[in-house]
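Take a look at this one chain, the form predicted alone, written out in structure tokens.
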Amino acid sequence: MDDLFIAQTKSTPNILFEPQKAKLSIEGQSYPENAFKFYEPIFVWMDEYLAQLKEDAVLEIYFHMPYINTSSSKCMMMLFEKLEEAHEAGKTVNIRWYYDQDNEIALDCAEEFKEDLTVPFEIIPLADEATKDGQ
């Protein structure tokens, strides 16, 4: 399979799916005019990818979404349902949701997603710039 890349815009996240590395990254704000239209190619791609995913592969998924609107949240749940089904079928899927420490809304959003899933779902705070620089 080829990589899936959708460039970030003001209202949509950067999407990078690298099948050879078994890695999906979704980063950026998500409030597209039509979330279902935006995420549909990702759903199709994910279905195809999961159908051919080998049992010994580990799919790593990274999220960093500082803001996500309601319709995008519904799309994320649809994506998580696909990942949950793969997990229940014995495939290894790891979700990591990164959030800025000062963004409680992003943390709450991640916690709400996590509570409905059995797939491994790690919520990871990102240090602020001063902490990253060792100051």
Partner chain sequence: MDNSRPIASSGKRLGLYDNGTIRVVFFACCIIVLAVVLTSSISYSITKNAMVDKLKNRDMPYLVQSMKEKIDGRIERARETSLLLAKDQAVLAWVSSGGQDYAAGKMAQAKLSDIGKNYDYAKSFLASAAANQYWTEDANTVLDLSRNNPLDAWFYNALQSGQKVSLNIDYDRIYKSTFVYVNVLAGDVCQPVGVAGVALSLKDIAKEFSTDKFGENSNLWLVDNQGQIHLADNLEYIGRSVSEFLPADVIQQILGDMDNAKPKVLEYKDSQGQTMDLAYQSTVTTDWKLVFQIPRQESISILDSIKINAMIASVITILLMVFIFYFISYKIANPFKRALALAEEMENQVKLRTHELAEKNQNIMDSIDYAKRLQEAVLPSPNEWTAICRDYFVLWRPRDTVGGDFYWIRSLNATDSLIVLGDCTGHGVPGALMTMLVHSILNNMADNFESAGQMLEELNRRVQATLHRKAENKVSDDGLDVAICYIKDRRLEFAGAKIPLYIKRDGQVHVLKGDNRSIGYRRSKIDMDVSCHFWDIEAGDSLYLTTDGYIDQNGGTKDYPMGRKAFVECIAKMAPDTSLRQQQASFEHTLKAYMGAEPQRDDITVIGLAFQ
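Please read these numbers as outputs of a predicted model, since none were measured by experiment. Residue numbers count along the first chain shown, from 1.
We do not show the form predicted together with the partner chain, though everything after this point is about it.
Given that the partner is absent here, does Y67 sit within 4.5 Å of the partner chain in the predicted bound form, heavy atoms only?
It does: once the partner chain is placed as it appears in the predicted bound form, Y67 has a heavy atom within 4.5 Å of it.
E104 within 4.5 Å of the partner chain in the predicted bound form, heavy atoms
Yes, E104 sits close enough to the partner chain in the predicted bound form that at least one of its heavy atoms falls within 4.5 Å.
In the predicted bound form, does E33 come within 4.5 Å of the partner chain, counting heavy atoms only?
Within the cut-off, so yes.
Can Q29 be called a contact residue for the partner chain in the predicted bound form at 4.5 Å between heavy atoms?
Output for Q29 is yes: heavy atoms within 4.5 Å of the partner chain.
Only one of V44, A89, M77, V58 gets a heavy atom within 4.5 Å of the partner chain in the predicted bound form. Which one?
When the partner chain is considered in the predicted bound form, the option within 4.5 Å is M77.
Looking at the partner chain in the predicted bound form, do all three of D2, K21 and E84 come within 4.5 Å of it through at least one heavy atom?
Not a single residue of the candidate spot has a heavy atom within 4.5 Å of the partner chain in the predicted bound form.
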